[in-house]
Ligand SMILES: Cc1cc2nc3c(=O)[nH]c(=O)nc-3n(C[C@H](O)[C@H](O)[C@H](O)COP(=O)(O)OP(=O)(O)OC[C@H]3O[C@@H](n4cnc5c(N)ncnc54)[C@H](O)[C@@H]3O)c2cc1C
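Okay, so here's just one chain, in structure tokens, the form predicted on its own.
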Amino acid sequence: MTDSRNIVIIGGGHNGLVCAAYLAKAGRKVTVVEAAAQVGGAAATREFAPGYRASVAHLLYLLDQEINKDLALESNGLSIAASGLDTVALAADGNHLTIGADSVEGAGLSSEDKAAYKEYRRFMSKFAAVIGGLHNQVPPRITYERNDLITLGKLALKVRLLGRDDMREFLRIAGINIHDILKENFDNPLLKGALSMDALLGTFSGPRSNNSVFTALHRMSGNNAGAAGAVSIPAGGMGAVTDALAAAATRAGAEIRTGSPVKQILMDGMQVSGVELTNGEQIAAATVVSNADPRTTIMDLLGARNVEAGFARKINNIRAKGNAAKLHLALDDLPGFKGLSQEQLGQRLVIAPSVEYVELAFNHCKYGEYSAHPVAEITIPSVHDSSLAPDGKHVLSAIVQYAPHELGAGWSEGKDAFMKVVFDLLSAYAPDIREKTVASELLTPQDLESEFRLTGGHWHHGELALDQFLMLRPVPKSAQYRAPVDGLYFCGAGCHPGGGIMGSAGRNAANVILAK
């Protein structure tokens, strides 16, 4: 018989490592099997050119402070190179806006917009805190059972305690589009364009898409240090976070095996009995926890034949259309962004000239095309952390939208052309970017799918939307981290509370397993 204390976790991404650490601390025998040569998944710091390192996830803004404390991440090697970064909304003429946690400054900005920004931050932070308060809770089931009704009642009370006016505003805006909210509050096009990006990064949506206010709130909802949505850069890149999580899990007694891709989840009747690796090795376990996305877990690793047809259909229909490419540039010197000081080059840089520009950029994706004039979130982390590049050299890391997973012309044909579009975009703000570049890497959503095993190339494992949130994420019958197969659990970003380097899904899953 399989030892009931043996647990196998599929995938060494950040949620899998958090889950492993909590389970191992509770005395369980835990084995993490990771397909890649290093842990971290899309958050691993990897060399993309000789001496130059970066990760797909490039900014830290959601890491839960309780997890940070419980797992002693600082003692396990995590340090922050820069925190509380401003957002610089780039203007082609060099008249940029600097957007901070509580204020915005820049040429051509009215006193009315400055005051409106403070109010915008007030109510958005307050609403985001409601969502953040749910991160470390197991979602209620859609039933009439007492415990689930109590949980739903507590959520309703949190909304009510916002106060009459804020409660009405929260209920009015939570499901609508960011375009209308920004239009109601601001006049400055550059400010509106930059703020819209917080609602759209990594999603298949534009400013006029419903749920985009909700995704903006999700970005600000982390129970992290600093202001809502505060952005940090870890020393050593994002891989330093997952390395610290791996060290915490190992210290607690978990075994981590890299280079160990899983072929299938093994079954004994209707109970999981372990996993089989692609090399034929079988690892026995009465509990299997998957950090892979839900569709991969059920359709590929478990097999649809082992679940009800209706459940398999719902899992297969999870919306997960990757729409963002990741660019890494190896630079022989700092690029000359017009109007920016070296200190400003170390901030979060955004190219989104107006909310109308962003909407037009999104339009191409509806027809299976990449954007002719994309938007971008840019960092130059080597300004703060010299370990990422050779002496005197630098790394540029950028998320570029919009680049759909299902490109009509195919990415084998379209990749080089899109790279030219991206360089043209950057050159409008940093004219010397091409001559400063010594090597480059562009990861399309198809590359993200094949290299990091993300269905659809979607790093959130599924769109963040009201119909894929809380008790509906990933699907209603598995919103409490349990699959409808005895012994099988989910712990990844496809579960509540969703994507971002947060860790809450991993800890919640561990608590559910331990309670059982």
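Note that residue numbering follows the sequence shown and begins at 1. Keep in mind it's a predicted model, so treat the numbers as computed, not measured.
Keep in mind that the form predicted in complex with this ligand is not shown, yet the notes after this line are about it.
Taking Leu488, Val30, Leu464, Leu454 one by one, only a single residue has any non-hydrogen atom within 4.5 Å of this ligand in the predicted bound form, and it is Leu454. Ile399 is the sole member of Ala216, Ala352, Leu78, Ile399 with a non-hydrogen atom lying within 4.5 angstroms of this ligand in the predicted bound form. Stretch-level contact check against this ligand in the predicted bound form with heavy atoms at 4.5 Å: of 69 to 77, 259 to 267, 171 to 179, 416 to 424, the positive one is 259 to 267.
The shortest heavy atom separation between Ala483 and this ligand in the predicted bound form exceeds 4.5 Å. Under a 4.5 angstroms non-hydrogen atom cutoff, this ligand in the predicted bound form lacks Ala20 among its neighbouring residues.
Although the partner is absent here, Phe48 sits far enough away that none of its heavy atoms falls within 4.5 Å of this ligand in the predicted bound form. Within 4.5 Å of any heavy atom of this ligand in the predicted bound form lies no heavy atom of Val289.
Heavy atoms closer than or equal to 4.5 Å to this ligand in the predicted bound form belong, across 489 to 507, to the residues Gly492, Ala493, Gly499, Gly500, Ile501, ordered by sequence position.
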